[in-house]
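Here you'll find one protein chain in two forms, each presented separately as structure tokens under the names structure 1 and structure 2.
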Structure 1
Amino acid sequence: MRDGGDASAGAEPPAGGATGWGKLVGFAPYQAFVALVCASPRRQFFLLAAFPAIWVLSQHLGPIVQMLYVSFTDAYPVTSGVEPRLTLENYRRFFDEAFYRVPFYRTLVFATTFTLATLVITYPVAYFLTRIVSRRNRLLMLLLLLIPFWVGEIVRTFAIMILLGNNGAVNLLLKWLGLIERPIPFMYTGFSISVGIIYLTALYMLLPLYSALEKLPRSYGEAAADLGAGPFTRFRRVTLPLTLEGIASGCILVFLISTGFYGTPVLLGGPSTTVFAETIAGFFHVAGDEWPTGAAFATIMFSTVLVLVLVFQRFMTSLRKGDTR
């Protein structure tokens, strides 16, 4: 009985006991469909790329196209039974009223300044991690730098507010050192926005720089030193040119993020530091007939930033190729 039981246990299951997936695989129309779809590498590629393409078109490009359409309408949402009328008045309003152009230019200046400041601050940190810290401890150091970014933007912004407040850690430290008698009003100024945005965007600059510096062989610097190049010359002639790709990636990321910040400027800034995102949001906080104006202003900012990024990317590409002097 035992031998018979073992023999029956090791026997193959009958054909009628196939699972649902086994039945589908053996289904003739399914086999014909798979053979048709996977007949060539090109068809396999289109099959794999179908879902990402649909996602990008619907979730990324779709809202942009919708915003572009709304920017040319006279009112949105459209009242039932009323045909929307296309107009350029929403764009003309930006160019006719200087009141709206001031925060636009301020945003571009702020974003450029913040990008350069973030680059100057984070480049030495990335260099320290890749050249000074041992390979065994780099992961731990990166983890320590990443921990604050696990918290949301608003929470980190409130942390900056607590740090720079009249009774914050900075003013208390300055009082303790005897450098001031009254608190310095750091909050609601360009300085507080600078500290907040640089703090929030530092990671997006650090990671590309870290990646570029880590891939840079140490032998290049050692060879330059053997040829008599000093530390500054080695950095200017070897390290900096070979990390331009990381610099370009980090600067583009920080610049794009800086131009779109809304919550941080609202919490840390004041009337004299209003950025264009606040102006755009103001149109969406009122009646629907102002939404097309907000969409038009958002389109202007989006187009301007896109052009600036393309020009910067082209410049950095030519710089890497040695076309500019």
Structure 2
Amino acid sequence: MRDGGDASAGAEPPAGGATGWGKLVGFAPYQAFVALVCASPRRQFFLLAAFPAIWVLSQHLGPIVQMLYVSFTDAYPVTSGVEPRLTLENYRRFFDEAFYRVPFYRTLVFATTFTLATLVITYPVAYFLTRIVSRRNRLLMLLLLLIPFWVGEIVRTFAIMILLGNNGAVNLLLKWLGLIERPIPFMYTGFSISVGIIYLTALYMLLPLYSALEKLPRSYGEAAADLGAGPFTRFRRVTLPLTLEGIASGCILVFLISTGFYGTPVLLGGPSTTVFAETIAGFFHVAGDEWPTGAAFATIMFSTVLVLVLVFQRFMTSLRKGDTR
């Protein structure tokens, strides 16, 4: 940390005192302000740290803590004059009724499937961009992929609806090719949700994979080839283990994001594909006294997702260490 004392003496203004900066520094209230703020490195640090500390605790952590608290109360928002009672009832509802548990498991299965599918789809793309395309074209070809990902969730979901509808482009194409007589009902199924959510999350997998592969020197593969390893062995023994970190962060991001979608499953799914986000949202559309249950369900989902992510991360770390021994 720097010594803040020298400016406080109000010494002669620096050279070029006629400029705006010189005027500012020569301005007495400014000098007093600097003297006050920068009196000691310690004070300077506390003034710098106070606001971020208050902000992250009250604004970043606060909502989560409050959600946790509300999930244990019997009514929220509280009617004035009534003390909220603490209860576990909201959690019991989840474990008592299969009606709530099924969407929960479905969400976990969906999110895992989407994550794996995204990985399988984007790995070859990242590999192609970093290994086969020349350095010159690489950024342009990556940029080309970025363009659709700047478009919002709802707009892209709508685009998928047009693609997969009964009068959609895919059905039209299949009919034109003579493969089908009647349109295939793609919409409102697990399939349409997959197409939509993979569309939304692919970039979060692609970018970590891309940077992991880009960092990996080509010479490693060449060395393995010189030692007689075939293409498959090279991939399994060299490329894959050394990009595990990218794979892990991509998978975690996509998993976290795909459990949180609400608009897309509502628009692309049907009654047989209700996800837990819709269940949670249901408690917030009706009367206020359902909020604690919604908070409890959200807490269950958040903690499950966090535990799964932590377990997965540990697993990937141990895998990485085991392989580089």
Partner chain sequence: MSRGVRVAFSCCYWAFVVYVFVPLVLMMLMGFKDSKFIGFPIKSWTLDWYLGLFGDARILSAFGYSVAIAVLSTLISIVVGTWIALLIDGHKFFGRAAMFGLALLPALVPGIISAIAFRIYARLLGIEPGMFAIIWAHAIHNVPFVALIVMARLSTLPRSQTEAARDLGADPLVTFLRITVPWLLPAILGASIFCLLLSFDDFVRSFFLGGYQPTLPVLIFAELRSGMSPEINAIATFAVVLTAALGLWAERFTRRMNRAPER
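In this text, rigid core is short for the largest set of C-alphas that superpose within 1.5 Å between two forms. Small disclaimer: the values here were computed from a predicted structure and weren't measured. Counting starts at 1 and follows the sequence of structure 1.
Matching the description of the form predicted on its own is structure 1; structure 2 comes from elsewhere. Two rigid parts make up the chain, and between structures 1 and 2 the smaller of them rotates against the larger by 30 degrees on C-alpha superposition. For residue 40, the CA shift between structures 1 and 2 after superposing the rigid core equals 8.8 Å.
After superposing on the rigid core, the C-alpha of residue 53 is displaced by 3.8 Å between structures 1 and 2.
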